[in-house]
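What follows is one chain in structure tokens, specifically the form predicted on its own.
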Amino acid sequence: MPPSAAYRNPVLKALSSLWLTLVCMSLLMVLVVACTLLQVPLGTHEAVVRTIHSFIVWWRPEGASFKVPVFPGGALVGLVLLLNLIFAQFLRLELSRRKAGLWIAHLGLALLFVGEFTTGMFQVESQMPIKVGQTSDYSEDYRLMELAVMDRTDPKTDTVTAIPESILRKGGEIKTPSLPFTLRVLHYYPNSVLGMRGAGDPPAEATAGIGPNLSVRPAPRVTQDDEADSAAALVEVDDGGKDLGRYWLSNALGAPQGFTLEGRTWRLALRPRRYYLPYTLTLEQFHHDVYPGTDIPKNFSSLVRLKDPARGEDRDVLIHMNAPLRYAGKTFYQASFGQGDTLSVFQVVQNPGWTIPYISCVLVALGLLLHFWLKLSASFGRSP
């Protein structure tokens, strides 16, 4: 269909209209304001997820079990804006040499939307705390929990079955071929308050581990970025009708709890979700530098040993501020430290579209430079 004929189509005309562009930009501004205001009651991460990285903004009435759609989310508005840009490009922009710069700039803008969508939908962030001299092969996502069921019969190797938080929230029975027993999630609290039981508390629901001595109450989710939820789950273990106990599990509890079944030792723990790596990092040195005569941080740096037998990697890497380690699709940033400068915390980011914004900016810059150069060339060509 020729552009002139396609532009007479009311649907295509609407998709390429400037009014749709203005509406989408207005909706995005409303979402940015809403996201900023929601950071107080929800926290930064949850506010961004609910408004900018969602297709629909939902509202749940107080005490209700259902949600009501109230506004288009940033992902949906961005997708419509991307379609608007594409249709406007092909239906309204002249396909000629003198418009080549605008074509390149529009392509860069389209890639910018694609990059943001890829980041919002597929980026995974986690943390890897390592003490000096310690080796680690996994990172942890403190916003998500998992129930780890560990077979510790072999003193050298643990066999772990990890059950994600999404299943724990649903409750009910959990059966998996890797476990010879059935788990029942009786309660799951994304955040809770734990304490020792008092004389006036109701009867204990837990029957095994340290649960009979615990008082566990649900609590609102934390909203500060430097705080973490204390999730809790009441889990019952059943071996073909034989009750093996009810356990209160929480990431706020230090040691895992467990039992012995048919000569095998089992441990249960509720912990941050882990992402295992096919290589290891060993923290050899950590340096925390400050400006002379002050306590103001100047630089944090960690010297780590990267070992990846599959790729033949065995080398030292210095990670410091603005100089991360990029390896095998993940980026390790120097994020924090603790325990008297003996603990280094890395922010681990896996973003399959991390290069797209850079390509987009280069294309937009080149497109605008080319467009201005062609305009200037045409002006000089017409000058006497």
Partner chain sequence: MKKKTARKNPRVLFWGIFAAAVLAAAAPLLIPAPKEAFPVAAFGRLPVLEGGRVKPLDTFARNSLLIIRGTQTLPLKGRTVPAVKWLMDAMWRPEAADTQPVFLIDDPDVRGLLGLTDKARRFAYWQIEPKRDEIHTQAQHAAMVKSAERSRFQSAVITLDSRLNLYEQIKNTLMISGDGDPAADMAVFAQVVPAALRVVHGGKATAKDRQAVKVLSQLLERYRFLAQAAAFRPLPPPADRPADAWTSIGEAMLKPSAKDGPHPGLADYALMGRAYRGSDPAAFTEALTRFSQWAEQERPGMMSHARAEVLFNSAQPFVSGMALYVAALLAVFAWWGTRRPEAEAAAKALFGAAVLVHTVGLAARIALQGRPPVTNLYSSAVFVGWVSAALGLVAERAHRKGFAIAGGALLGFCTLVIAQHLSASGDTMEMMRAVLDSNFWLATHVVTVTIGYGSTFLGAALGVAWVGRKHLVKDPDPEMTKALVSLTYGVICFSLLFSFVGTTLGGIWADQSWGRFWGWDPKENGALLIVLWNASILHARWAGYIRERGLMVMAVGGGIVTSLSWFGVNMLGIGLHSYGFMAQAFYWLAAFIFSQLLLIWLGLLPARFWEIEDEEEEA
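Everything quoted here is computed from the prediction, not taken from an experiment. Positions refer to the first chain, counted from 1.
One more form of this protein should be noted, the form predicted in complex with its partner chain, which is absent from this view; the next part is about it.
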(message) Looking at 170-178, 236-244, 183-191, 298-306, which stretch has residues with any non-hydrogen atom within 4.5 Å of its partner chain in the model of the complex?
(response) 298-306
(request) Run the contact test on M29, V40 and N322 with a 4.5 Å heavy atom cut-off to its partner chain in the model of the complex and return yes or no. (result) yes
(request) Please check if E125 has a heavy atom lying within 4.5 Å of any heavy atom of its partner chain in the model of the complex. (result) yes
(message) Taking its partner chain as it sits in the model of the complex, is F55 near enough to touch it, meaning that at least one heavy atom pair lies within 4.5 angstroms?
(response) no
(message) If we define contact as a non-hydrogen atom of the residue within 4.5 angstroms of the partner, is L22 a contact of its partner chain in the model of the complex?
(response) yes
(request) Although its partner chain is absent from this view, report whether V345 comes within 4.5 Å of it in the model of the complex, heavy atoms only. (result) no
(message) Need the contact residues for 272-298: heavy atom within 4.5 Å of its partner chain in the model of the complex, sequence order, or none if there are none.
(response) Y291, P292, G293, T294, I296, P297, K298
